[in-house]
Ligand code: ARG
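One chain comes next, on its own, written as structure tokens: the form predicted alone.
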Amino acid sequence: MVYNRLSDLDFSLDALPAMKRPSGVLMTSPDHFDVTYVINAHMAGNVGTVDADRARSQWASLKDAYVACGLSVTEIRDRSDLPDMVFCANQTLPFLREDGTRGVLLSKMYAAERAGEVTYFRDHFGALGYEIVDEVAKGDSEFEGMGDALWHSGRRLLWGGYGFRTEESVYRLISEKLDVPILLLGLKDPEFYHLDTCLCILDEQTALIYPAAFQPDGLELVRHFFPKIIEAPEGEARELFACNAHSPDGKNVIIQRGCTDTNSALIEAGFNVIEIDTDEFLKAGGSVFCMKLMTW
């Protein structure tokens, strides 16, 4: 149930079970957010440059945007020794089984600096009664949650990015544990080190992408499953993280302020654009999608 290329496919999208959209938003407080080390290309040159007050204001604006879209936002407190914990898309992969069971699959972080974050998310979801799947966290292969594993909107189908933070081999175990097919996308540009930096799934038919970030076989899969493709220009994708946008409801798209060409294309496609400034978080290599986790 893991597929690398179009010729491997033995299913169609409409044959897969439907899956409702998650309606909960988890965010991690930014009180200790900072750039104190370099573990991705975007952090280089930004150590010690974060404006803490501006970062808190930007985080609050993002939270307000989700509330305005009608979603419920829950907060988890960050820790002083974990400055990247605010990027809460990475520590787990939430899932919903066909019988309605809610769960999370725990990540095994690539960078030692972030490994301690996972425990706090395990405890948070465990206290809420979620099923905890920890086989990946106990293994040898790295996996960074919804940074690299994205649910196809409305279907029981995962897109799995690999190449920088997540190892390709881990997806077979994930497919077995969650009983879902997974489409694999190899990433080739270190500035697009997570799948959520170059693929934004807007609705079941539409995706926002930066094509040059993908290996050819993966890009072919994306174009096959999404009849409507919006391509972000290189400058907006690379400098403003345009593809790290998020559509929580298939109607609104929350995106970094200033993505002019991308925003025009989104509006033409029928989406409502909500611009939020996340430039303090861009210094650490993350924007809108990285700063939240959708939950059931």
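From 1 onward, residues are counted along the sequence shown. A quick note: this is a predicted structure, and the numbers were derived from the prediction, not measured.
The same protein has a further form, the form predicted in complex with the named molecule, not shown here; the description that follows concerns it.
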Among 120 to 128, 208 to 216, 80 to 88, 99 to 107, which stretch has residues with heavy atoms no more than 4.5 Å from the named molecule in the model of the complex? 80 to 88
Does I229 make contact with the named molecule in the model of the complex, using a 4.5 Å heavy atom cut-off? no
Looking in the model of the complex, any heavy atom of F164 within 4.5 Å of the named molecule? no
At 4.5 Å between heavy atoms, is M43 in contact with the named molecule in the model of the complex? yes
4.5 angstroms heavy atom contact with the named molecule in the model of the complex for R156: no
Contact at I39, G147 and H194 by the named molecule in the model of the complex, all three, heavy atom at most 4.5 Å: yes
Just to make sure I understand: among 166 to 185, which residues lie within 4.5 Å of the named molecule in the model of the complex, judging by heavy atoms? none
